[in-house]
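One chain is shown next in structure tokens, namely the form predicted on its own.
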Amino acid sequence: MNIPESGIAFDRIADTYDADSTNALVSRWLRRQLWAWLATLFPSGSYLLELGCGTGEDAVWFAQRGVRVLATDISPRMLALTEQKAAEHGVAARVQTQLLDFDRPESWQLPENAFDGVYSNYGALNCTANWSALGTALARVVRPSGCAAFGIINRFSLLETLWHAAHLDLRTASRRWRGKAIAQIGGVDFLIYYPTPRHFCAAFGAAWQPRMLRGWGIFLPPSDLYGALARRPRLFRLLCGLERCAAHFSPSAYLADQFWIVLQRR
């Protein structure tokens, strides 16, 4: 398989990804909220497909709770780190890895109706705009009534827009509005796509029924501002409390940095 630019980019930052991103204070807090939610969707004994596993943080957490995971990514180095992390935590038997290109889901060699559900975290699906083909492919491999739970970086982030506009950086303030932008990671340029919740649902196809929608990042800032917030613990605690309250109102998903959506296979 030819590795696209996004895979090369994440290969280059894989070895420092946990230190730079996973272990950030805000990132850890958001992940704990997400895990509490995912635990209600996917109980022990489930078999899950993960799209964009990164260094395996979520796959290992699931495996420790008796869930089997096929962890996939377009970055070979991320997959190697996932295998290493699973072995270090004693759950290698429950975590398999596979290289998948999210731009070409029609080429996937996955068994039909094999998975109880599928999930993707931290905007992995923003690296493709081929959501229609993705929805079709997942409808083939996820069992009827199975759930898809995705964290998607939103097209409009109110906090990001206000912050950068206040600093007179209008280009950054409006970077998502066209629905796509050039990202540079690890010295590699590639396109990132930003759907709205409505756009993503429509593209994913009629095989999937919306079940839940919530926003994350109404009061907590985008990742490029995590460091500033970590230095202000009282402000951080206040914003976390506000975030918990706002996240349960589905309209917040249209203004948040990310939206979390659950779709159910018809």
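Being a predicted model, the structure only gives us computed values, none of them experimental. When you see a residue number, it is the position in the sequence shown, counting from 1.
The form predicted in complex with a small molecule is left out here; the points below concern that form.
- Distance criterion of 4.5 Å from any heavy atom to the small molecule in the predicted complex singles out 74 from the list 152, 148, 74, 71.
- Put simply, of 173, 127, 81, 137 only one has a heavy atom within 4.5 Å of the small molecule in the predicted complex, and it is 127.
- Contact annotation: residue 54 falls within 4.5 Å of the small molecule in the predicted complex, judged by heavy atom distances.
- Of the heavy atoms in residue 101, some are within 4.5 Å of the small molecule in the predicted complex.
- Remark: residue 214 does not count among the residues lining the small molecule in the predicted complex, judged by a heavy atom distance of 4.5 Å or less.
- Contact check for residue 161: no non-hydrogen atom falls within 4.5 Å of the small molecule in the predicted complex.
- Proximity of 17, 31 and 50 to the small molecule in the predicted complex is complete: all three residues have a non-hydrogen atom within 4.5 angstroms.
- Heavy atoms within 4.5 Å of the small molecule in the predicted complex are found in exactly one of 162-170, 86-94, 176-184, 118-126, that being 118-126.
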